[in-house]
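In the form predicted on its own, a lone chain appears below as structure tokens.
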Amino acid sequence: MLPAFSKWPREKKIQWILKDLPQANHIKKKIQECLHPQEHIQKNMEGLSENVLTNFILPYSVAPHFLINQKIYHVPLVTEESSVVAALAKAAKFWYTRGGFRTSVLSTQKEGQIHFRWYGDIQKLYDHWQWIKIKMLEATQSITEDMKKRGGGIQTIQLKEKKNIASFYYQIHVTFDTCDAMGANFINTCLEAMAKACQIYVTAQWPCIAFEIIMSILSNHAPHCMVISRVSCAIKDLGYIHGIAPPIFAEKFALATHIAHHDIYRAATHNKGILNGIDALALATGNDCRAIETAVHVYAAAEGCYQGLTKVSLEEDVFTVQLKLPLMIGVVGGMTRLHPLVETSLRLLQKPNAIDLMQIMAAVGLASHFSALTALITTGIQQGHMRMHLHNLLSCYKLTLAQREKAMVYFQNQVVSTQAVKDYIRKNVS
């Protein structure tokens, strides 16, 4: 074991990690190439994580002209997948002339739990519940003071019996409004203070009854932090899409959505198409895409079977696609203060509050889905996807600018694949 490895200077860490590796100098050069030239920014980056060696750089892109609730946004995206950006830009352009995206936030409540065991008569806790709640709220006063000033804080506190899960097991279920913050640290700090206050009260009242706190933690299940996004137009106004007549396209799109509601294999990829866009915007705005994905997938399985998250209506010759999903996100705290491009992203989005960003993110998710499903039911996903990868495939070979441009022209009318590029290079590049 290494004593205090995390305390070592970055250079010492790099030397130790590379000391027995082949091509250590080459690796070290690559590590150094990705360090930020401005020392204060590099220090900020190193403060974001533990045992930092360098920075892992991803493209920072934009999908322009998203019309959301009659307001135009140019959406920043962080992703290595060029087809995601292209798909979003294409969907934004398509719906710009058809009314754009309509969004609304249904609720913003977040939740956490104190898990505990109580080996006495549960009625004792119920009889003292109001006093226990008072003690728990008193314990969080200093934590919640600023949040209350912004209109948030602790909303409700409930005692729940969960003996069906384990013997003597109960929960204290707490709901929160965290305003413009995602609120994970705020919620967890509150819960731990509340658990301690509960422990003190119960131990003082019933010293002979065992009371055991198991854990105190927020939940990433967010069924009461919901947003809806929809697009809609007359079926005839869809126009011909890749040569397919509007009624046929609309019916096929609806059938593909129906399949995702009843087939788990299709549902998984259906929802991944939504998250392609959401994750890219989440990264650009400093939000936790892992927490977002967890909440989305749990919600998709809320009815006991994993399902696609979108719905399609073809009533009265109107084509409507709707996406409803949970989004636990924030625009203050954490990365918004530390990462310079997160602040830039929020400025590009005209300094949204959390509710605004929920709606923008839901619209982006729907746009990502619309482009993906449109490709699937028309040309197939690979035609556009692989064409976007042509640049990357050609970068694997040492080509002159003229050779690259000639290859790009050649593949304008050809199917792009790894093998096709390899064959072209073998035949045309000496």
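Note that residue numbering follows the sequence shown and begins at 1. Because the structure is predicted, anything quoted here is derived from the model rather than measured.
The same protein also has a form predicted in complex with another copy of the chain, omitted here; what follows describes it.
Colleague: Do K422 and another copy of the chain share at least one heavy atom pair within 4.5 Å in the model of the complex?
Modeller: Yes.
Colleague: Whether G239 contacts another copy of the chain in the model of the complex should be assessed with a 4.5 Å heavy atom distance threshold; does it?
Modeller: So G239 does not count as contacting another copy of the chain.
Colleague: With the partner left out here, check for me: in the model of the complex, does some heavy atom of Q70 sit within 4.5 Å of another copy of the chain?
Modeller: Judged by the heavy-atom cut-off of 4.5 Å, Q70 is well away from another copy of the chain in the model of the complex.
Colleague: Under a 4.5 Å heavy atom criterion, is Q23 part of the interface with another copy of the chain in the model of the complex?
Modeller: Yes.
Colleague: Of 189 to 197, 126 to 134, 226 to 234, 356 to 364, which is the one stretch near another copy of the chain in the model of the complex, taking non-hydrogen atoms within 4.5 angstroms as near?
Modeller: It is 189 to 197 that comes within 4.5 Å of the partner.
Colleague: Of G151, G243, P207, P340, which one comes within 4.5 Å of another copy of the chain in the model of the complex, counting heavy atoms only?
Modeller: For this set of options, the contacting one is P340.
Colleague: Among R98, H221, R102, K324, which has any heavy atom within 4.5 Å of another copy of the chain in the model of the complex?
Modeller: None of the others qualify; the residue that does is H221.
Colleague: Judged by heavy atom distances of 4.5 Å or less, which residues of 345 to 359 approach another copy of the chain in the model of the complex?
Modeller: If the 4.5 Å heavy-atom criterion is applied to another copy of the chain in the model of the complex, 345 to 359 yields R347, L348, Q350.
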